[in-house]
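Shown here is one chain on its own, the form predicted alone, set out as structure tokens.
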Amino acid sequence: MNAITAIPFDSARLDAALARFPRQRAMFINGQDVDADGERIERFSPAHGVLVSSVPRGTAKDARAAIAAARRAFDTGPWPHETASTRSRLLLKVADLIDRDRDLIALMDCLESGKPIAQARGEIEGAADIWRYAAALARELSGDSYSNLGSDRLGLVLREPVGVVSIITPWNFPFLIVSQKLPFALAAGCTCVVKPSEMTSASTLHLAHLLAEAGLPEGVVNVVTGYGPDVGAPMTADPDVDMISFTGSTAIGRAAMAAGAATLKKVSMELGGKNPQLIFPDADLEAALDAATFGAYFNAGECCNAGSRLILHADIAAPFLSELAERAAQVAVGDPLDEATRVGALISPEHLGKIEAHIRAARDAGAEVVGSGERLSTDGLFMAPTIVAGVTPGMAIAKAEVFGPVVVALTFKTADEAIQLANSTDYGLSASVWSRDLDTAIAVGRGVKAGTVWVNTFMDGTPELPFGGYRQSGLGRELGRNAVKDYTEEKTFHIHTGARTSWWLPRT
């Protein structure tokens, strides 16, 4: 692989970015800024090594206070009883405020997570679009009526908000993922407690203030910062919580489901993925190469939807990987504040170490590592885009979610073998099929067990289409036309009119 394209730091640019917003932040409970009683969590930029934010280390007491506020707001407040038009107007106002603060919110996510600023800005723009879609769905939420049950009977099916929702979000897409959950819960009339990752809390706390500015009543949305055992655990176990919406690792998702099971909470889980791109010889290989590069290295591979497995037809595997290596070397890695950067910093030293351990294990198992497979010799937590070739299905790296700028390559000879390889992990989040033959694309796509299958593209998204996974990639779906319904319960009204015959009297 050629020398990596590196983007250097600019200290003046960093100083200007840090001057744009306060680094000291508070939790948001019952419409008020709240500081924890004790410790704070300091977040240092993984790219620059400087302090970028400080948030309270919330406790179980803080989580319970937030849940109590959400419970009161649901049981006695106006929000669950507002008209659809009122909810819709507020969500549209929030979307406008997000657009107004787009650059500022993007800067928060860029500095806390290490993601490139241009990418972060695009994510915030996409998030505003999701809020507008949720606003539209708020006015579409309705039940059913049945007038065909007889002249003396009428059936109504009502949809009511499920209640208090605990929303737990990860660090890789801090603002985008909360925007895939919160506006739909609000559109349904729910109240919420949100826990962002302790590493990327700033943009979610800013969102809480935008909601207040838009006129959301106190207690409807509460944001508690802190660690999972302290804050997340009570949010999943508390009996006053009616639903859990979680995005994160499969292991933590299992724990959250287990905690909620004691009170049979409704759950929505968006978990891990090991997503294949199946590439046939008749594909548009230029387009497939671009998608393979993007799928592997977008967001530094820290993406549940990453195209982390290439399943290549044996006839094209060698030239395809050779060209991919050339492109990987041209991907700009470095300062996330630079508009030209495409791969920023990894989230933490511990996470970077795990990625390196995966690569060492693959090399020891006989795979070929193209690229250094190690951190770059610069300040910050950076890693060169890496390809692991010569992978066999039994290798750990063929099945494990590495969650870094690493793509593995396997080969096949028949369509059936390609499908078998695609389904050979515990996950089933997404996949893509590359072929100019529509019969091949449809047959293979239908054979792959995944919640999303792209044909001749990868990681395209729109709020109108549902997102979620099969098997250990999750439970339920986000986005799509049913996104608001997912935060409701159905209630049947069976209405009888006129006289009712007494069952215990004999007929005459």
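Quantities reported herein were computed from a predicted structural model and do not represent experimental measurements. When you see a residue number, it is the position in the sequence shown, counting from 1.
Note that the form predicted in complex with a small molecule isn't included here; everything after this is about it.
- In terms of contact with the small molecule in the predicted complex, the residue from 126, 217, 155, 228 that brings a heavy atom within 4.5 Å is 228.
- Among 120, 164, 304, 207, the residue placing a heavy atom within 4.5 Å of the small molecule in the predicted complex is 304.
- Proximity of residue 297 to the small molecule in the predicted complex falls outside the 4.5 Å heavy atom cutoff.
- Heavy atoms of residue 401 reach within 4.5 Å of the small molecule in the predicted complex, making it an interface residue.
- Taking non-hydrogen atoms only, residue 346 never approaches the small molecule to within 4.5 angstroms in the predicted complex.
- Though the partner is left out of this view, residue 430 does not reach within 4.5 Å of the small molecule in the predicted complex, counting heavy atoms only.
- Contact here is defined as any heavy atom lying within 4.5 Å of the small molecule in the predicted complex, and by that definition not a single one of 62, 193 and 222 is a contact residue.
- Picking from 95 to 103, 77 to 85, 170 to 178, 325 to 333 the stretch near the small molecule in the predicted complex, with a 4.5 Å limit on heavy atoms, gives 170 to 178.
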